[in-house]
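The chain below stands alone and is given in structure tokens; this is the form predicted on its own.
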């Protein structure tokens, strides 16, 4: 079984989810639950910190696609930061940089939220 965890932090009104381990079909439900928790709390500005994300499968990527429309309809967004090169390559291969802000640092994500 894959090891995966989601940590929660906040910066003002922005929810930060720290992903750690391997996000795949077996662990995608953990990320879904974390996003549901954000939505239930009224947090629609979400930063995904992928600094400790070692692997992502198509099932993991599907979680992002499943929630982005609803989050944007509620005035929020998902911004992805700190991805390791091998994980970024998976996002890039599937065209995610056209759909999501994928940034180097959390600070860049906070700035984008403030500027919008």
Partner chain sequence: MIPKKKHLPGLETIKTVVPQKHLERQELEIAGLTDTLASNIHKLTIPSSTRYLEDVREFVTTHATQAGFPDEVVEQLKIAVDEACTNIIKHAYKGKGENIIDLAVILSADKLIVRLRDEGVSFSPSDYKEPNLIEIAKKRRSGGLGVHIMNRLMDRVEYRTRDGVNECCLVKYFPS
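Only a predicted model underlies this, so the values are computations on that prediction, with no experimental measurement involved. Residue numbers count along the first chain shown, from 1.
One more form of this protein exists, namely the form predicted in complex with its partner chain; it is left out here, but the text below deals with it.
Q: Looking in the predicted complex, any heavy atom of residue 57 within 4.5 Å of its partner chain?
A: Within the cut-off, so yes.
Q: Quick one: does residue 22 come within 4.5 Å of its partner chain in the predicted complex, counting heavy atoms only?
A: The answer is yes: residue 22 has a heavy atom within 4.5 Å of its partner chain.
Q: Can you check whether residue 61 is within 4.5 Å of its partner chain in the predicted complex, heavy atom basis?
A: The answer is yes: residue 61 has a heavy atom within 4.5 Å of its partner chain.
Q: Does any part of residue 90 reach within 4.5 Å of its partner chain in the predicted complex? Heavy atoms only, please.
A: Residue 90: contacts its partner chain in the predicted complex.
Q: Does the trio 9, 36 and 51 actually contact its partner chain in the predicted complex, every residue with a heavy atom within 4.5 Å?
A: Judged in the predicted complex, none of 9, 36 and 51 sits within 4.5 Å of its partner chain.
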